[in-house]
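Consider the single chain below, provided in structure tokens and representing the form predicted on its own.
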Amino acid sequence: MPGKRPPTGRENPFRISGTVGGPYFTDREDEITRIVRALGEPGAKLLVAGARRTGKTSTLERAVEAVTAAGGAACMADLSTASTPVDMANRILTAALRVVKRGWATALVDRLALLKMSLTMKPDPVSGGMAVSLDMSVRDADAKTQEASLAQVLDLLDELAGKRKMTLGLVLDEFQEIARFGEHAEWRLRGVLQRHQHLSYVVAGSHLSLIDAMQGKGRAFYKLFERCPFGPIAPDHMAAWIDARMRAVGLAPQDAGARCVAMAGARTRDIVRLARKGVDRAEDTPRIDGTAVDAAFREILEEDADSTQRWWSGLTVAQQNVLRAVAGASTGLTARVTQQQYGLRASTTTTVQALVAEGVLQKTSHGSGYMFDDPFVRGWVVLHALPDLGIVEPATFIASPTSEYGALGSAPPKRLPLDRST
């Protein structure tokens, strides 16, 4: 079975679980410099917007580490799982109290008590200090009360930072989740951020269409933030870094890095996952080339096969046909030959928009078509769903000359030379 080979004793030079740092992290010097500068500037408001799986959270963590290493105060709160504004407040409280002096906990408790806010205190196993959170009962309060609780927590942090004549940098990851609570919550947060002079804010998000909407004219965050785009790492840099990491563990890469970038697309984590699988498969082999990378790509498809099959079965026929067309057609979705071959209907535009909204598809950067968000899902569709139409291609097949797989960066995309025997 895939992945059941005996261990070789070779340490894998790539990491994909959690966030990464040290030798497992590469590039992003410019982004880190800009984030560090914002975190140290009182009243700064910076938005870091980038697609999922590009290393954004790892970059934010490295920036926070740089600030604290230089003697400053900065922390990061992950808001992605928050179900209520109170959950967000608790995430921010926990993160802040881990980087400031212990006296803050007492001061916060005293001030929140004056506001008649119910609190819970218990030891924090991470910091060794006290973890302070709003009582669970506050989560059952009405929306206005919950939004006020979040605002009061941020106001108190700003007040305490001012009294101590310091700047506290707050990174709010996946901040776009505030939109779940309605535009009134967005406006409330805008008002809070605007009045703070001792906190700096770096907000980050990966739901790009939602972020753009939240920043639209007439919306709460219109022109509030400076924007720090977070695009893909340059493909040449990524390929060279992968090859260097492979050489560091005794492998001789033969364009393996370039092939990983070509097959996995623009997302850092996808590229690293493929490189990691290639190293795992290398066993005692002294070299790794494009053929080995392609075999690793197929192995990942098989690892994901059960979950991908369940997901595919839950799609509508129209969605399945669109995905087959994106994977297999060499012409656009509106071309008559594509519509006839893949059974596309008049509702195709609506279907595509739904798949984009769900994060399955994305528009290509040159705007002439669509591509899969996940390259391994694309490979599975090629291998397992195109044969339904009598189209048999290898998992590594890339049909469209306008696909961004294999042609990342600013240069016009090119078709990959593919070995049809794989």
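A residue's number is simply how far along the shown sequence it sits, counting from 1. Every value quoted in this text rests on a predicted model; they were computed, and no experiment measured them.
The form predicted in complex with a small molecule is left out here; the points below concern that form.
Of the candidate stretches 23-31, 41-49, 376-384, 350-358, only 23-31 contains residues with a heavy atom within 4.5 Å of the small molecule in the model of the complex. Exactly one listed residue, out of Trp241, Phe181, Phe225, Trp312, brings a non-hydrogen atom to within 4.5 Å of the small molecule in the model of the complex: Trp241. Put simply, of Thr268, Gln146, Ser200, Gln176 only one has a heavy atom within 4.5 Å of the small molecule in the model of the complex, and it is Thr268.
Residue contact with the small molecule in the model of the complex: Thr57 places a heavy atom within 4.5 Å of it. Contact check for Leu97: every heavy atom lies farther than 4.5 Å from the small molecule in the model of the complex. Contact check for Ile233: a non-hydrogen atom falls within 4.5 Å of the small molecule in the model of the complex.
Residue contact with the small molecule in the model of the complex: Thr19 places a heavy atom within 4.5 Å of it.
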